[in-house]
Ligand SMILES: Cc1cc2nc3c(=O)[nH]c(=O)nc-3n(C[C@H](O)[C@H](O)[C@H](O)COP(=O)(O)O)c2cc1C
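For reference, the chain that follows is the form predicted on its own, supplied as structure tokens.
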Amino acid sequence: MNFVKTIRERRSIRKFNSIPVEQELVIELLNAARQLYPSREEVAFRSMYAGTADSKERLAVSMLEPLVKNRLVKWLPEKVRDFVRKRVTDIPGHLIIIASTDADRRKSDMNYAAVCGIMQNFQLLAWLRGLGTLWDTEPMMQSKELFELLKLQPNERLVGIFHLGYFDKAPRSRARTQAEKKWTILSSGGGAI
């Protein structure tokens, strides 16, 4: 298996077909992604899956609530509401990832980073199985209504939602920023060159 090729070819998918995503496949990929993450420590997270019509509708309603309350959106609430609701309910599956936090900031950050690593593994494994993903971290997901639906505890943090589905056509690749453009050398005087 050529991992570099897989990483280069993987795309975020925004347009899914209507083929359902089986919960068993999602669990299999999530378990494999966890096993691939090289950590001696236990990575503390939980996940939820919304793949039925009812669960997707409940997810859409909880994601919509902040938009409905927004004064600017009140000018076109029906159009916005219908668009977001249809977008969420038409996607075959949603995998919600929640990381545990800790009073010790370092432990909390390390766990969050580990969960993100597992999520990246999940995306790559899903791609190899022909399953498209979109890792969503939109601000509208930071709502009280969504947190209540997820039963988010004070010692938990929403990492993101993977929108999942099969797709008919992968998007073309985009230009990538070369490493040199993000490169800074720390000089001996303590400043960046």
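Counting begins at 1, following the sequence as shown. All values reported here derive from a predicted model rather than from experimental measurement.
One more form of this protein should be noted, the form predicted together with the named molecule, which is absent from this view; the next part is about it.
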Sole residue of 49, 167, 135, 37 within 4.5 Å of the named molecule in the predicted complex, by heavy atom: 135
Exercise: residue 174 in contact with the named molecule in the predicted complex, heavy atom 4.5 Å: yes
Within 4.5 Å, heavy atoms only: does residue 15 come near the named molecule in the predicted complex? no
